[in-house]
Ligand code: PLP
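Encoded as structure tokens, the following chain is the form predicted on its own, with no partner shown.
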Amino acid sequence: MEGKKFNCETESEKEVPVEALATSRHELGEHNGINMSIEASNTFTFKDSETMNRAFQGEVGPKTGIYIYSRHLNPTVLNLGRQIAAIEGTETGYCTASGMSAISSVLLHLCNSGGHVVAAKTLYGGSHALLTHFLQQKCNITTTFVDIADLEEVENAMIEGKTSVLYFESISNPTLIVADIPELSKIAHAKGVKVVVDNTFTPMILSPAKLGADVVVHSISKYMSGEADIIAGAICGPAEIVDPMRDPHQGPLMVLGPTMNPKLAFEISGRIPHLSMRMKKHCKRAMKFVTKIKELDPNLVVLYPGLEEHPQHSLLKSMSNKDYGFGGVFCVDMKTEERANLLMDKLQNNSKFGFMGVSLGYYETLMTCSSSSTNSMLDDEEKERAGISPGLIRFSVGYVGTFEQKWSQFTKAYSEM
């Protein structure tokens, strides 16, 4: 490709501030356009056969502007990975076709057959299913699920010489338990265990790598996209972990084929500069809602780390980046699935407050009864252990419309219960 080359060298971004997405520069386009170019080729040519052979041996590559095949490495996808790595403060990053492909690729890279994972007992249902069923049945990788807030239980679950990964979400889906990332990382590293954190709920709010985590994964489909129209994921971490994942012979990003489409990477890249503003709007609106809901019905169980009575309120406050609040998700426990469904029906169909939908990070409010939707793959005993009530509604708070308008819509629906 002629023109300005993409600089895809691994660079240390550990000192980049949290506002990196607003200040970090992406590469100029092929003809010095202010937007990067889309490299849509699935295969790349070489100046001679010797260079082709050296590329497959790993002797030359992106650092010298040489690529082999887009399932392995693509300049546009690499560039988006660098943007997200800058946000997370990691050395490098790469983007995948979905959040689940990012999670599974990392776990399969860090764990061998017969390996062991310690994971939070409360996780997104797809992650729980991956650990409970797929990895155990297909790969002989077992998992011990723990209360991530009980540091002693976490430490005791690690098996010397066998446990490879401690896996958890920065804020659990859907119960909103905040993980003590610095302490959990210290415990894991003392045992030689890698820490993998899903930061999907809290981009910009928390920086797990700066708090001690080894790898940070994202479902870009959520807040980073912001429009509920794409499926994508990201892996951020040190070069010593991420680069071998892209090995042209046996790296999981090569052999499993979860690489993102470069056209999609270009589209997402244009949304990253607005993430900071969007996250602040989500967080501010969520805080206003839970405060008013508690006033509306003091007996209603409301889960949100921004509330002072939340058990990890002070912890999140101590870890979070300045001015980003406590997240854009809160939960209301209606106790039974029937009451949860009734409230959601009224909120969507009677008062037009939001939509019933299983994703999050959209500019409109999305709501779901987690027990019967995103965590439906857990059995009743697993749900009880995870603290997922049958009537727990997860609200992903949007920011369109005025707060007064949206609050009127909420109170109208709630008064009809």
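Computed from a predicted structure; not experimentally measured. Counting begins at 1, following the sequence as shown.
The following text describes the form predicted in complex with the named molecule, which does not appear among the structures shown.
Only one of Ser98, Asn341, Asn261, Thr142 comes within 4.5 Å of the named molecule in the predicted bound form through a heavy atom, and that residue is Ser98. A single residue from the set Leu315, Ile231, Leu303, Met254 has any heavy atom within 4.5 angstroms of the named molecule in the predicted bound form; that residue is Ile231. For the chain shown alone, His109 is not a contact residue for the named molecule in the predicted bound form, no non-hydrogen atom being within 4.5 angstroms. Put simply, Val215 is far from the named molecule in the predicted bound form: not one heavy atom of it is within 4.5 Å. The named molecule in the predicted bound form is not approached by Ser164, whose heavy atoms all lie more than 4.5 angstroms from it. When contacts are judged by a 4.5 Å heavy atom cut-off, Asp198 counts as touching the named molecule in the predicted bound form. The candidate spot formed by Asn173, Ser219 and Lys222 is fully in contact with the named molecule in the predicted bound form: every one of the three has a heavy atom within 4.5 Å. Partner proximity in the predicted bound form, defined as non-hydrogen atoms within 4.5 angstroms of the named molecule, places exactly one of 277-285, 74-82, 99-107, 321-329 at the interface: 99-107. Residue Leu360 is the only one in 353-391 with at least one heavy atom within 4.5 Å of the named molecule in the predicted bound form.
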